[in-house]
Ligand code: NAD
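The chain below stands alone and is given as structure tokens, in the form predicted alone.
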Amino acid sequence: MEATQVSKVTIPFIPGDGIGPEIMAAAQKVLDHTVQTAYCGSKRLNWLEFPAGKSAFEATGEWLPVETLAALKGHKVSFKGPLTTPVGGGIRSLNVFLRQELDLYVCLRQARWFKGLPSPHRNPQGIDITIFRENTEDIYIGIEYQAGTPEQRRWLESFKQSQPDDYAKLPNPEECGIGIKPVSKRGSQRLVKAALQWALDNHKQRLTLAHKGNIMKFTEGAFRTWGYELAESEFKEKTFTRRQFQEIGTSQGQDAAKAAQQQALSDCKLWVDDVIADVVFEQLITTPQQFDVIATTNLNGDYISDAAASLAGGVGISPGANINYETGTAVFEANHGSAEELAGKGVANPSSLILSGEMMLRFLGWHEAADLVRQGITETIRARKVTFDLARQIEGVQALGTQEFAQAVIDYI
């Protein structure tokens, strides 16, 4: 009898610091079980451990060993627990360094409410928001000059000579810290392209470009313009944009514009619009269900993704990934810190990393296993079994430890 061929995918993983090893073990346990259950042993995840972060520094003297970086570069998909960022020296941020070194230009965050989770919103039913945050430009470039330093004074002198009128606008220039915010056409459009394709592949109805272009016209405003240009050129058969709606309204009237919009939506085209970033926050508070997919610049995305996560139970249950859709390289990670004060107590919530694993399975095309992960999380929470961070916010639930929660998820699959 011919042996069954097993399809294996090697996944380098970094356990992380603090609670990292505990939630990593829990997540791997769930993922291995779902893959086994979904494919009856014909597929398997082959885990390879590599060190990084505080634990790596204590063991090797390096925050990010060369072997670890080589493994992440050599494999398309990897999995990562939370890392402690060095204070007062070393790498500015390990997470930022990895995103730039691997050119992971999409920070993908999801905020999905599961029935039974706490939420500050009085009606969280139906909250399911996916955020595409640009991951390599804007504040992540890290060009800053501290007030009063020689570097700041040299920059100011050069700026004064080349742009005297703009220099005159600076309040107390000698006391100003300087930060440079680069937003490029290429960086913006590859981010928006990834968001558009994901929205179409996942049958979403709306993609929103979130920006502050009313004030920062040549960075945030350019992001909006470049996003529309891409949608209207490369995706013109599959999208209908607010800019097209406005152009029809101007030339033919509002009735014609509304008719074109209704026709586009009836043809199942993706509606692409834009919203000022502060208005996005207002609408997240009032009617979050209106958002499907949000594409935005780096700093806006940092704020918006955490705000959306808070509506759906918090960052402890919000998954994340950093992806380059052009090369297929991706790092799936917990969307929270290392919480070293909880390390070793067995109480940390592994949901963020488990759901990041669900995203990883979908990225691999293993949708059947991914569906089982989501089912297990859904049923466990519905049965009012949660970890202590959520139990503090919900009455009448059973508080489980990290590994107990993982086992409960498996039991409900």
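We number the residues from 1 along the sequence you see. What you see is a predicted model, and the numbers here were worked out from it, not measured in a lab.
Just so you know, the form predicted in complex with this ligand exists too; it's not on screen, but the next bit is about it.
- Not one of Pro182, Leu299 and Ser305 is positioned with any heavy atom within 4.5 Å of this ligand in the predicted complex.
- Of the candidate stretches 278-286, 222-230, 253-261, 76-84, only 76-84 has residues whose heavy atoms lie within 4.5 Å of this ligand in the predicted complex.
- Contact with this ligand in the predicted complex, judged by any heavy atom within 4.5 Å, is made by just one of Leu156, Ala71, Val315, Val293: Val315.
- Only one of Asp165, Asp201, Asp267, Glu341 comes within 4.5 Å of this ligand in the predicted complex through a heavy atom, and that residue is Glu341.
- Although the partner is absent from this view, Ala334 contacts this ligand in the predicted complex, with a non-hydrogen atom inside 4.5 angstroms.
- Residue contact check for Ala348: one or more of its heavy atoms lie within 4.5 Å of this ligand in the predicted complex.
- Contact check for Phe388: a heavy atom falls within 4.5 Å of this ligand in the predicted complex.
- Among heavy atoms of Arg99, some come within 4.5 Å of this ligand in the predicted complex.
- Residue Ile19 is the only one in 7-29 with at least one heavy atom within 4.5 Å of this ligand in the predicted complex.
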